[in-house]
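One chain follows as structure tokens, the form predicted alone.
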């Protein structure tokens, strides 16, 4: 996958360390507009650190990041305004209703009251939440809360969606439904999506995949092509093969 300056996300040569401990080593990831890209890696691989850099929580110690065509360092506000995020840990205000959570988000982005009302109604209908808009977050199931977070992440019409282990804690049916919702959104709005996960069954043959291991991108490519090239039958089998191969070669 070639780097495109007009892609939803272009991250080049990203380096980061905690003290003397390297966490990311020349990481490069490109997410074209309208494409669903999976970032596979076990806990501790560096996924959350990378996402913290992309969302501006940390500053990279080297490299360049462009989001929606805006340089993260030179045009920080426009770049960050192009992102919709669903974090691993729920971030909804549990004491507010669904609509109040969504309205608060619109206020943060300077969306007028009239426009916010329209956007919220459309989002609620689109994610099957219209009947739940008056419920407090504490009254929602885990899957419903995740749908609210996805709806919230798209209210400001971002060009890029960043999802960090968004299905952790959900059962299999709710996980698969959430993945399906995100992929549909990706196609409908031509959004670039970077989906970080350690759950291999969330990745399909048609998906483009990056495998992050100990802070390095080991391999990238279409899932189907990677499986065929390495003679494996599943993403889980492929991941185990590639990471153990690297360990045996003492590359990491």
Partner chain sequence: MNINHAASCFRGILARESLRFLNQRARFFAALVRPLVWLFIFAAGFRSVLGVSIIPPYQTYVLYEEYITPGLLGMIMLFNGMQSSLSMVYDREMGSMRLLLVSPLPRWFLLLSKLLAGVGVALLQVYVFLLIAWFWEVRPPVAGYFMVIPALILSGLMLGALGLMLSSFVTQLENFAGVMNFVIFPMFFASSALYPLWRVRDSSEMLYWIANLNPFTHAVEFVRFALYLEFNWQAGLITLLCTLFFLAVAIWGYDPLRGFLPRKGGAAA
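Positions refer to the first chain, counted from 1. The shown structure was predicted, so the numbers you read here are calculated from the model rather than taken from an experiment.
Quick note: we don't show the form predicted in complex with the partner chain, though the next part is all about it.
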Can you work out whether residue 45 and the partner chain are in contact in the model of the complex, taking contact to mean some heavy atom pair no more than 4.5 Å apart?
yes
Can you work out whether residue 128 and the partner chain are in contact in the model of the complex, taking contact to mean some heavy atom pair no more than 4.5 Å apart?
no
Might residue 80 be said to contact the partner chain in the model of the complex, defining contact as any heavy atom within 4.5 Å?
yes
Does the 4.5 Å heavy atom contact test between residue 49 and the partner chain in the model of the complex come out positive?
yes
Looking at 173 to 181, 86 to 94, 139 to 147, 120 to 128, which stretch has residues with any non-hydrogen atom within 4.5 Å of the partner chain in the model of the complex?
86 to 94
Within 4.5 Å of the partner chain in the model of the complex, heavy atoms considered, which of 63, 56, 222, 69?
56
In the model of the complex, which residues of 142 to 163 put a heavy atom within 4.5 Å of the partner chain?
152
